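Have a look below at one chain only, the form predicted on its own, in structure tokens format.
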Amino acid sequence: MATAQAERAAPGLLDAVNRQVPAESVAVFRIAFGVLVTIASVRFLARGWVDTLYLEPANHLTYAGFSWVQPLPAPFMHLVLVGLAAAGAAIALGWHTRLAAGAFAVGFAYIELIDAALYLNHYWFITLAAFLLAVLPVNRFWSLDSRSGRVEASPTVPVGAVWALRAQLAIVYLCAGIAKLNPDWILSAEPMATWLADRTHTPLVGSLLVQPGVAHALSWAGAVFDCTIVLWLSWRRTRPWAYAAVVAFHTATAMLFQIGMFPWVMILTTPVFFEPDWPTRLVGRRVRPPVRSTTGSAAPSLHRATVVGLLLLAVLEVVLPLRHLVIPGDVRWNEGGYYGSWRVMLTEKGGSARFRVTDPASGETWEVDPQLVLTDWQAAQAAVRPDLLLATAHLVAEHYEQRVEVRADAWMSMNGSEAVRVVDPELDLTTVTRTSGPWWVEDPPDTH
């Protein structure tokens, strides 16, 4: 009976998501995304990061189950970034849009999976947004695809396409806001206070950043912003003011914290919350045919399978940030359940690690640094992320021809806390896998 009810409900849902709305907003999202990822890819090449991050390291700290993902040799790794830049340009122009977006999503996921030490939440967002552009009908308006006749031009898109893009942004904001509701952020204003103390050289406002109460005010403002901005963006009366807050918030974070392209991505994609025809309203003239209330033959639609897939993706994105609840300990400390959880800029960690290697056959023991198998930037991440510390221990073991035992003398601090041990110094880490269950021994001491 439940199946029959679902079947009867499905047509109603399909009708709702396929209601036609102006296509301008979705087209601007596509263009902005394409331009930004093209700039980011060119920037990556220009700064030599392909070499320093992918080709120079002798080893990479791979994700669990993805050790088979390795960088291509030069010059092919460089060509991957060239391909990403070209795909981004094609997305912006609307040229073979779905193919370009799909290729970008696959290529970007590939470089993202090479080294877990490079993980950033906004990389995950870029991957998901590219996937959405590959499956949604975003190429029917203001695109070379529609101008050339490759696809049938349409001034409208299904409202479900707008909802999907809004939902992706909403999940990022809401999860980031909820994650900020912890004692360090709310009571101690950490790590905000630590960050601001290091930015007193900032022109004009540097001396104000360390004044009493500023760190708390900014911490609370950040939490309120992330937790409520979707509500204000969704309400027509507050939408302009909410978007002004988006611009101010992300511009400030870009200036203070230098976190790459992410602030600009959020600023330029968030306008999808405005009315779907906001671009033509903004310029005060019409550049499209009138939108009829009924679906014409040229109007794109979302198929049942696409709608189900989008709903499943939304559920996955909501569940992933919650998986830390079944992992013992504080996720901010042990980072169990960290990946894909939108826990944006929540901690400031410091750490150190050395490994004690023992040859069980001879009983000989010696100490090595993580730099035996890692570059400095990889070692810095391994010292503050337990899963990468474990991965490094296995790389150290693989470095030697004979079987060895590897133990860690690893200490870590978070948000101004005293450094404590991360792992039992007598535990042979070669006997532990990432699926072995909790193996770390300490949660962070109180910082408030």
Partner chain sequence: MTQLRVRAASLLAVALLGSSALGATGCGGDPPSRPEVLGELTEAGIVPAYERASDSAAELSGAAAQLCDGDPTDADLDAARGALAGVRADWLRTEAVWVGPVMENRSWALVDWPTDPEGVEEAIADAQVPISPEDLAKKVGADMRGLRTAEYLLWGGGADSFVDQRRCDYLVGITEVVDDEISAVAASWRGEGEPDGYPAAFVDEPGAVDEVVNDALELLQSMVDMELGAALGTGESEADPGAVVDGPAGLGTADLSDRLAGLSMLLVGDESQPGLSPLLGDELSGRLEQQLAEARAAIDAIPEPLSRAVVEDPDSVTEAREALAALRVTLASEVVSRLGVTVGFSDADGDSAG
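Numbering follows the first chain given and starts at 1. Because the structure is a prediction, the values reported are computed rather than measured.
Here the subject shifts to the form predicted in complex with its partner chain, a form of this protein not shown in this document.
Asks: Counting only heavy atoms and a 4.5 Å cut-off, does its partner chain in the predicted bound form sit next to every one of W220, L372 and S417?
Replies: Yes, because W220, L372 and S417 each have a heavy atom that approaches its partner chain to within 4.5 Å in the predicted bound form.
Asks: I need to confirm a contact call. Of G107, G336, G340, G351, which residue comes within 4.5 Å of its partner chain in the predicted bound form, counting heavy atoms only?
Replies: Contact residue from the list: G351.
Asks: To verify the annotation, which of these, L312, L79, A197, I327, has a non-hydrogen atom within 4.5 Å of its partner chain in the predicted bound form?
Replies: The option sitting close enough to the partner is A197.
Asks: Could you tell me which stretch in 150-158, 130-138, 272-280, 227-235 has residues with non-hydrogen atoms within 4.5 Å of its partner chain in the predicted bound form?
Replies: Going through the listed ranges, the match is 227-235.
Asks: I'd like to know whether W95 contacts its partner chain in the predicted bound form, with contact meaning heavy atoms within 4.5 angstroms.
Replies: Result no; W95 lies far from its partner chain in the predicted bound form.
Asks: Would Y119 show up as a contact with its partner chain in the predicted bound form if we use heavy atoms at 4.5 Å?
Replies: Residue-level check for Y119: yes, a contact with its partner chain.
Asks: Flag T347 as yes or no: does it have a non-hydrogen atom within 4.5 angstroms of any non-hydrogen atom of its partner chain in the predicted bound form?
Replies: Flag for T347 set to yes.
Asks: Can any non-hydrogen atom of P75 be found within 4.5 angstroms of its partner chain in the predicted bound form?
Replies: No.
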